[in-house]
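Here's a solo chain for you in structure tokens, the form predicted alone.
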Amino acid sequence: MRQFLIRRAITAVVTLLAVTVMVFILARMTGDPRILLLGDQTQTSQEQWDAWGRDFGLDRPLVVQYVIYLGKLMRGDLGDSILQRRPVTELMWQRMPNSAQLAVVAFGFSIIIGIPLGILSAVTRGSAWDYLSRSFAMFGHAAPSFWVGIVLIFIFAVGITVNLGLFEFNTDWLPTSRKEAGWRSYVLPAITLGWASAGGQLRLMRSSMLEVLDAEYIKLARAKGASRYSVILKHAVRNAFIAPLTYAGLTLAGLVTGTIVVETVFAWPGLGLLSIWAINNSDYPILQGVILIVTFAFVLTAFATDVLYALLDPRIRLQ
């Protein structure tokens, strides 16, 4: 297992270095960074231009510039925002907890809904529960997240009046945006963000369970008189959990950093909304910071998933 984890750690480090090289090259392809940093200050003397080059190491070869850039990254220095004139790290740390909280709630929704429905769909193959579960998964994958968010806002935030004759009620139960209403603020964006992931978990868990339930050792366990509960939970679920585990790891990283659409719809003050602002205002240092954070989240989650693999699958521990 040690060799397996060492190989995965080396792969993670190489991936991070490759992304830093790509980000560095793409940043230089847009032109001299001094042009972006100066902004509208067109009246710049040659002395000021050269001084900026010396201060930021832009008068040195590209290889040396990359080493300087990598050293700053390792110290947590992502540069300053062009428009806000504040460190990018500070701006991102202010928004990251909001994105992380929303992602964790959405991840919990996807696991709590997707895994049990996947098991139920596999166990009751061909029944009404199976068709309902698969319809839930198909709708979650097919419906765009911005459309799901708008529909949920229309139904549960703007409100629909329901008249039942004897009484009527309005469904304006949840806030439309931001996070001032406590836990109620998480409900709509978390469902919007986690529905597609829940559908993916459901489909993967169902297919894995069906494959395991048809295995010979499951038939042997049934022949020995093991209870249905024991066969499903003790034998089938544990062995069918490898594929959903992979998807769960990638999903968590994607939810933390891929909330641009959902945060825009619900005006959620996270990294996604910050990215939209940076794109609209051509604030490239913030975009670079978001890209690096996304990469780090994916690589770290993938490595953690490999560790869980080694703990769950004895075949990997023997490598």
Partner chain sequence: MAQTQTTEATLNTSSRLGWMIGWLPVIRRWPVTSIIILVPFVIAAVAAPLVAPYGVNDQELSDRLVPPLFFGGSTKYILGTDALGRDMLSRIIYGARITALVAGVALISGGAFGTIMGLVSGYFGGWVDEVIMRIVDIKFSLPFILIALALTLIYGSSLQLLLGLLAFLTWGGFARQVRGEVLLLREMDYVKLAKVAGASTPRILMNHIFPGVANTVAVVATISVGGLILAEAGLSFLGAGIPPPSPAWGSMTASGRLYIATSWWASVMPGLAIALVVVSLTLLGDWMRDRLDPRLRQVL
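Just so it is clear, the model here is predicted, and its values are computed rather than measured. Rigid core: the largest C-alpha set superposing within 1.5 Å between the two forms. Numbering follows the first chain given and starts at 1.
One more form of this protein exists, namely the form predicted in complex with the partner chain; it is left out here, but the text below deals with it.
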Stretch in contact, per heavy atom within 4.5 angstroms of the partner chain in the predicted bound form, of 138-146, 101-109, 73-81, 216-224: 138-146
The partner chain contact in the predicted bound form: Ser275, any heavy atom under 4.5 Å: yes
The partner chain contact at Gly126 in the predicted bound form, heavy atom, 4.5 Å: yes
The partner chain contact in the predicted bound form: Leu311, any heavy atom under 4.5 Å: no
Heavy atom of Tyr284 within 4.5 Å of the partner chain in the predicted bound form: yes
Sequence-ordered list of residues in 198-212 near the partner chain in the predicted bound form, where near means a heavy atom within 4.5 Å: Arg203, Arg206, Leu210, Glu211
Displaced residue check between this form and the one not shown: Arg75, CA, 2 Å or over, core reference: no
Arg86 C-alpha relocation of at least 2 Å between this form and the one not shown, rigid core basis: no
